[in-house]
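Presented as structure tokens, the chain that follows is alone, the form predicted on its own.
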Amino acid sequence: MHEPTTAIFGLDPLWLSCLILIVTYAIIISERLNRAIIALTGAGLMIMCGLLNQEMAVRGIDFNTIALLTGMMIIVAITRKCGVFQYVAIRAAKSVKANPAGVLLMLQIITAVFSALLDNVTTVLLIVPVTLVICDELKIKPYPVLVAEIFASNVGGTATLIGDPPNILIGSATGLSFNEFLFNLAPIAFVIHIVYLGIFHLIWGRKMRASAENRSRVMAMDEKKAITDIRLLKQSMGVLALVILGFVMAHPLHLEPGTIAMSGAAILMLLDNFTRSAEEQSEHVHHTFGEVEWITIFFFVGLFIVVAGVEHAGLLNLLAQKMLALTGGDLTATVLAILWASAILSAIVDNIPFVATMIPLIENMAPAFGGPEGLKPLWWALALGACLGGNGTLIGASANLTVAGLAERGGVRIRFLPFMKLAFPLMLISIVLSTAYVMWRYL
């Protein structure tokens, strides 16, 4: 297979690939153009400029990640139609007698749990609309609840392989299992979540008030009416349980998470359409696929090719050598450097492109630490830094931007600087806790 060694017009491949990467990231950060368009344009330039050939570009796409994301999006798109997520949110609000402080607490817990089991972007798409309805009925400001949900979604997503896109990327690239993510990241994610519950109660929860009349309106909501299809509810919960069991058993079954998610999606689509006519099936399948976040999927496709371009040009190997030189090849210094650099940089740029760039960089460090097994502490540091660092600013994680977009549609503005003034110091607290955890457990 032909592998290009020179770029267009005889330009240096290293400098040209760096330029394409920097311009791509800069436009993504500016949010002036849709990020999927920019990532795909950057990918096209990598090929047109001779930095990659077409076969290399296709090899650079992590299809396991694409399959896992697409499969879970399809499962959630079908499951949400039965109303189970609205049911849980209303039930949670009523369980605390519609006390605003209790509502703030419960919605954070639900967001964190769903983010660990589904993924955090999907979770906020489901929870935020219900949050706005409950806050409107209680006549309380939704801003504190929405900000708390952003933090809960990113912390909950940190706990599992499927919870946050950076973890999906790391797991797919390294072969680390669902159980390994759960065993290594869930304990510290749980501790950080408890700390945030306390902090948000002190900042907002204890001051929130609602009249007896407004609370009685929430208590009068009938959560059972949220369930619109009992049969679909049973089918969805059954398939979701099987998929999660599949993730847990993936290693002994020799199956990739993407295969499990896509198989679960296919089974649920089959169950949902089995009794329908051919015309109805076409309509339902069209609707289901329409619910998939294709912008995110194609953003990943383009991003994988852009990163493959700079990796082939030798940039990531060069950066890995520089980082090892700075840390003296010391494991402790390297792990802590990755944890803190990941956190700070993931707050500045979206954590997905950052992690996509870091994965091959860390893989290039394997010889210095005794092979792939010696890299595990570095992977956990990258996962913690990227997922938790995403809380630092509004553009740090996809879930943050999703909440901001849904909130704006509901008449609530989450502005960049006011959010950052609160969020960045809170994010640093989670990184300090993660530092202590990583030092205690791995170093």
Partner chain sequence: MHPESHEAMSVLFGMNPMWVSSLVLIATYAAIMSEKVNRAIVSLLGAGIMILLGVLNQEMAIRGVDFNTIALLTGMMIIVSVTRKCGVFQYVAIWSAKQVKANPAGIMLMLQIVTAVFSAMLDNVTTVLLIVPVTMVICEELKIRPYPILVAEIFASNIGGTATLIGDPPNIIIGSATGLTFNDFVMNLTPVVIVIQIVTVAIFHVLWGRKLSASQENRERVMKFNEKEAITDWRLLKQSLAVIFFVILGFILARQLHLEPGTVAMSGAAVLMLLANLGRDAETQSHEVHHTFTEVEWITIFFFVGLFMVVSGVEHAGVLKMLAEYLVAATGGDLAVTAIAILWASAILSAIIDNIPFVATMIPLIKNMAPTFGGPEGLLPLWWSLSLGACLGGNGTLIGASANLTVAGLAERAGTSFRFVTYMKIAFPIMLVSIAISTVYVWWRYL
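Since we're looking at a predicted model, the values are computed, not measured. C-alpha atoms forming the largest set that superposes within 1.5 Å between two forms make up the rigid core. Residue numbers count along the first chain shown, from 1.
There is also a form predicted together with the partner chain; it is not shown, and the following applies to it.
The partner chain in the predicted complex comes within 4.5 Å of a heavy atom belonging to residue 282. Contact between residue 32 and the partner chain in the predicted complex is found at the 4.5 Å heavy atom cutoff. Using a 4.5 angstroms limit between non-hydrogen atoms, residue 286 touches the partner chain in the predicted complex. At a distance threshold of 4.5 angstroms between non-hydrogen atoms, residue 294 is in contact with the partner chain in the predicted complex. This chain lacks the partner; the member of 263, 179, 327, 317 within 4.5 angstroms of the partner chain in the predicted complex by a non-hydrogen atom is 263. Exactly one listed residue, out of 99, 273, 364, 214, brings a non-hydrogen atom to within 4.5 Å of the partner chain in the predicted complex: 273. Residues placing heavy atoms within 4.5 Å of the partner chain in the predicted complex fall in a single listed stretch, namely 24 to 32, out of 411 to 419, 24 to 32, 372 to 380, 391 to 399.
Taken together, 41, 58 and 256 are fully in contact with the partner chain in the predicted complex: each brings a heavy atom within 4.5 Å.
Contacts with the partner chain in the predicted complex, taken as any heavy atom within 4.5 Å, map within 63 to 88 to 63, 64, 70. After superposing the rigid core, the C-alpha of residue 426 moves by less than 2 Å between the shown form and the other one. Annotation for residue 378: C-alpha shift under 2 angstroms between the shown form and the other one, rigid core superposed. After superposition on the rigid core, the Cα atom of residue 43 is displaced by 2 Å or more between the shown form and the other one.
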